[in-house]
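A single chain, nothing else alongside it, follows as structure tokens in the form predicted alone.
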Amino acid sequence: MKPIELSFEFFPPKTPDGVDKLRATRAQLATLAPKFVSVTFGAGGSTQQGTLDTVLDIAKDGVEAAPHLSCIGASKEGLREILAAYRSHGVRHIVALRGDLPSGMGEMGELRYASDLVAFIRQQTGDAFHIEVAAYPEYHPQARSPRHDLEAFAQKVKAGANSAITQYFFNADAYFRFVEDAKKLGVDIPIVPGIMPITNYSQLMRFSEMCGAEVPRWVAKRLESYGDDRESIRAFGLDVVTDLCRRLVEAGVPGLHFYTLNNAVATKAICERLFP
């Protein structure tokens, strides 16, 4: 099978041990020659300094790093400062998101939607950044309807997004249908599937409940049946996600973006199976 462009998501470590672990993870995944890596932030844009620090640490290795940038709870002036800081450090790639409002924070900020953030970045910086946005093949959990969700995605593209990364999914048909429907609305940017390796049953179900990703019942039941047998969970998860990726690659997707959770083992195993 022909290799395709790969990218990985990391989160900013909070401890010295976490920094060391992420560096080890990056070293292991570097052998896969990622096109870029992305770095997340906390709710409401918290950990933004940690995001910048992690991005700069990655850049030292010659790997393109794309910080996530959220508009929820942020002021335009604050966003201008962040954009200026990234430009001054040579960052040219951003993942623009609405983000989540932290509990207890009442202010939405001056920009309400991701499309507003994309438009703001373009207004302030022109074409200085390659802008990624999020896509939801199984619909954003807060969307009013599937149609409204699709139109919101198209609006982000019209505002100036260059490409998109999807929420993870386990149903390839949901992705194919989403791409097809987006094209009917005039969307012509690459829409890269987001991939979540399966290594932990309870963690997967918790994440999926929060983000609206559907875990097929047969997958959930099989994982549940393994109880505390971590090796069986990992082996089954590796089969399921590799099969998903193989179907996507054979269909000609523009790339695969792995949510690594700062761990290299499962992502590397999937890629080595796909591209031996």
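Residue indices: 1-based, along the sequence shown. Computed from a prediction, not measured in an experiment: that's the story for all the values here.
There is another form of this protein, the form predicted together with flavin-adenine dinucleotide, and it is not shown here; the text below is about that form.
For the candidate set 136, 129, 201, 86, a heavy atom within 4.5 Å of flavin-adenine dinucleotide in the predicted bound form is found for exactly one residue, namely 136. A residue is said to contact a partner when one of its heavy atoms sits within 4.5 Å of a partner heavy atom; residue 40 meets this definition for flavin-adenine dinucleotide in the predicted bound form. Residue contact check for residue 100: one or more of its heavy atoms lie within 4.5 Å of flavin-adenine dinucleotide in the predicted bound form.
When flavin-adenine dinucleotide is considered in the predicted bound form, residue 167 lines it closely, a heavy atom lying within 4.5 Å.
Taking non-hydrogen atoms only, residue 93 never approaches flavin-adenine dinucleotide to within 4.5 angstroms in the predicted bound form. Remark: all three candidate residues (68, 144 and 259) come within 4.5 Å of flavin-adenine dinucleotide in the predicted bound form, counting heavy atoms only. Only one segment in the set 182 to 190, 120 to 128, 78 to 86, 150 to 158 has any non-hydrogen atom within 4.5 angstroms of flavin-adenine dinucleotide in the predicted bound form, and it is 150 to 158.
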